[in-house]
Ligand code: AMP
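Next up: a single chain in structure tokens, the form predicted alone.
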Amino acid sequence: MQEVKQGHTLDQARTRLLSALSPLPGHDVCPLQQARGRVLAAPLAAPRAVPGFRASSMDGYALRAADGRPGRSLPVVGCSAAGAPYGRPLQPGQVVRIFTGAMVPDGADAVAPQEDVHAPLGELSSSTVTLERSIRPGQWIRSPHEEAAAGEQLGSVGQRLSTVDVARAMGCGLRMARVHVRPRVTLLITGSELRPTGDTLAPGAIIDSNGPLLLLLLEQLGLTVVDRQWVDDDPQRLETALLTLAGRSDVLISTGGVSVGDGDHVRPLLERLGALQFWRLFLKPGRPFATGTMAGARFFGLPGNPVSAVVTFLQLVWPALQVLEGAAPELWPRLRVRLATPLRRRPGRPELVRAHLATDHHGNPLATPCGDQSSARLASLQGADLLLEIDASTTELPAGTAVMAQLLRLPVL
């Protein structure tokens, strides 16, 4: 296939990739309590108005606004507490002691805060109170549909449910949600030099970090890895592993073997066993990236260097997984930051520089690159809040230069 000479730019690659994807078929019905992070396949609607009654937003006294003249003394005829309302209509010239969240009795159209009311000897439970300020109709009363009206949409198709989304829907009386199925993900970690943690290392061998890194990253994003394998750079064993894992998954993610070395067999195997959509990025880190299909699964071949694997995963695989799960892809938020220290680099390719986020004494965002930016150096990802977007021709940026950056922190709510 015809390839861009130096590789696809990140925007080109993302556009090509996402335009070829569609949501996986099938839906799940799950308890809302377990639905945080899931993508809605059917809208959520409030079955009733919430709270469903007029409620006080202050501790004080419920009354008719027409009776609320300053200096007027009114009898207290009862109390309305949260969960224990005053059970009778309020008559003209009466007040009811009321607490925040309690039902406003019929006949009352306002609440006087207790700080605007004088009680004899300071006793708020007194049998009479005197108003110190005038009262407006509707004052300190929440609408019966303040949180939601009956039938109001609480979540739309394609929306990924947040903690607050789930809590609000449950607070409106919903228990279940229809959600898109999640992709079944498998991992293939390749490299004859890799050994699992705890193994004795022969000369030239290293402990694998890609496997734990991607596994934990996928879990952090709410996805489960259903199978994973480590395979050396033997073409026959790689072929068997690729076909086996692809047959068990919707998405197969591999690391290593997609460059142009004599030991890089994964990309040629993809071309022979499946279909290669495109290969190679005009990006640093992450140039040797490949994607296509194999045995019914979407395939992503990430570079072998751990930083390159993470960067390409965040830029391309994560948006693709969102589409497969039925959501519109949300890219990492971008913000303008200033460099806290100078940045020097070799020109050639656009680069995503890992950086810490801090603020100056005015609260403005500052970025400090995370030391050596080698794609093999996992330490450059430690504490990285940002990916600074540096263009291909840049060689040096002094401290104080404004650059655009992607914010990698996930929202709490």
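Numbers follow the displayed sequence, beginning with 1. In this text, all values refer to a predicted model and were calculated from it rather than measured experimentally.
Quick note: we don't show the form predicted together with this ligand, though the next part is all about it.
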Next on the checklist: So, Ala328 and this ligand: in the model of the complex, are they within 4.5 Å at any heavy atom pair?
Outcome noted: no
Next on the checklist: With a cut-off of 4.5 Å between heavy atoms, is Asp227 one of the residues that contacts this ligand in the model of the complex?
Outcome noted: no
Next on the checklist: Is Ile189 near this ligand? Define near as a heavy atom within 4.5 Å, in the model of the complex.
Outcome noted: yes
Item to check | Distance check, Pro306 to this ligand in the model of the complex, heavy atom within 4.5 Å | outcome: yes
Checklist entry - Taking this ligand in the model of the complex as the reference, which of Glu152, Glu193, Asp234, Glu146 has a non-hydrogen atom within 4.5 Å? => result Glu193
Checklist entry - Looking at Ser254, Thr312, Asn210, Ser80, which is the one with a non-hydrogen atom within 4.5 Å of this ligand in the model of the complex? => result Asn210
Checklist outcome for this item: In contact with this ligand in the model of the complex (heavy atoms, 4.5 Å), from 335-343, 200-208, 155-163, 134-142, is stretch 200-208
